[in-house]
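In structure tokens, one chain follows: the form predicted alone.
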């Protein structure tokens, strides 16, 4: 029985620790500002734990001494000791809170350290997906969605904009969070110290599908990032097979082209995500599914059942049209 109790206690203590690791954890930091925030969290928790224990010891001691059998008679010296203890507690509280304030200010400054020469990306939050535009000269600019690639070891400045409601950009392993407010431009600096894939999430409730508004930040080596960016700047490859050509024709003939852009075709809509290289992204629908031909077909067939309330309508397609369009989407690498 005792062994069972110990095992149960160990499991209960281990469960909260499961959230301290992984691709979306503020305690598994791999970015400069995220590391500073993690250190700040640890210091605050440690100091507050010590304060809590001291308060508990003082409280238990006071209750013990206040028993009728041990209660000391009132005297000037006792009053003086209580006054000194109270003043010391107030001074200690002031020092601790002031220290926390200074440390928080220093850590917050790390959220915006990038300069104009650093890689700059505009991230726009919409219900419920992320528009990502790499800025620069006209030859360098391109647009993607729900997935951000950055080079390791470089500061990346994010220009954050909210389009419809307030969203909040948060990739816990790389940086603190920053709101995207309609009509206001906010900035955030992220930096990855090692290659990896880091998951982010909208951290401000923004409607029915708030929980399904995720994104990935992929940290590549500089060479890999340059290759990826060069590929993303290219227009979509022409279909190499009859089925893919039929899929493109269906896409352009249906309302799809009014909402989405596929560079290299007549599709130039701006309401939905840029699909020029949708097949190269790891997920679709803001992190809802892994990108496969099957998940693309399911999403195209009935987006309102999969993600109710989103802005993509159901477009009537025959089975053959659905197969060819999903194949064409998957081919857009």
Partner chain sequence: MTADAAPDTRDADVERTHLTCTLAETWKTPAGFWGALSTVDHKIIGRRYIFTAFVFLALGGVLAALMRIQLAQPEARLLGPDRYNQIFTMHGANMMFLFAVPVMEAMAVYLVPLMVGTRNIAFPRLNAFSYWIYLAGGALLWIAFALDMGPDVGWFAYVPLSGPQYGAGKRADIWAQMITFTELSALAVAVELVVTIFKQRAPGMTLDRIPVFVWAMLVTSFLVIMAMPAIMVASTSLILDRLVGTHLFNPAEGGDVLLWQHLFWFFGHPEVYIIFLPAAGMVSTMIEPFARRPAFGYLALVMALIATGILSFGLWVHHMFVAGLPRLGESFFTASSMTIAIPAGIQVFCWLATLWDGTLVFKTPLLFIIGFIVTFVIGGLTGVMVASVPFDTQVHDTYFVVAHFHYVLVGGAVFPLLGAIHYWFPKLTGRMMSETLGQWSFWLIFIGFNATFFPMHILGLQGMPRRIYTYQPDLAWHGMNLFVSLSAAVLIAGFLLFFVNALRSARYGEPASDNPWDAPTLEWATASPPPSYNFAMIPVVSGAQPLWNVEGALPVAEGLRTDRRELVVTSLAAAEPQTREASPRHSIWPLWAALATTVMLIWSIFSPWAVVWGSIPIAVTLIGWFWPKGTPEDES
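These numbers come from a predicted model, not from an experiment. If you superpose the two forms and keep the largest set of C-alpha atoms that fall within 1.5 Å, you have the rigid core. Positions refer to the first chain, counted from 1.
Form predicted together with the partner chain: not shown, discussed below.
- This chain is drawn without the partner chain; in the model of the complex, the residue among 184, 154, 141, 159 with a heavy atom within 4.5 Å of it is 184.
- Only one of 32, 288, 267, 297 comes within 4.5 Å of the partner chain in the model of the complex through a heavy atom, and that residue is 288.
- Of the stretches 204-212, 238-246, 190-198, 225-233, only 204-212 has residues with a heavy atom within 4.5 Å of the partner chain in the model of the complex.
- Using a 4.5 Å cut-off to the partner chain in the model of the complex, not one of 253, 258 and 276 places a heavy atom inside that distance.
- None of the heavy atoms of residue 134 is located within 4.5 Å of the partner chain in the model of the complex.
- Though the partner is left out of this view, residue 86 does reach within 4.5 Å of the partner chain in the model of the complex, counting heavy atoms only.
- Interface membership of residue 119, defined by any non-hydrogen atom within 4.5 Å of the partner chain in the model of the complex, is ruled out.
- Under a 4.5 angstroms non-hydrogen atom cutoff, the partner chain in the model of the complex has residue 165 among its neighbouring residues.
- Residues 40, 41, 44, 45, 48, 51, 52, 55, 56, 58, 59, 61, 62, 63, 65 are the members of 40-65 with a non-hydrogen atom no more than 4.5 angstroms from the partner chain in the model of the complex.
- Here residue 60 counts as shifted, since its C-alpha moves by at least 2 Å between this form and the one not shown after the core is aligned.
- Relative to the superposed core, residue 91 shifts its CA atom by 2 Å or more between this form and the one not shown.
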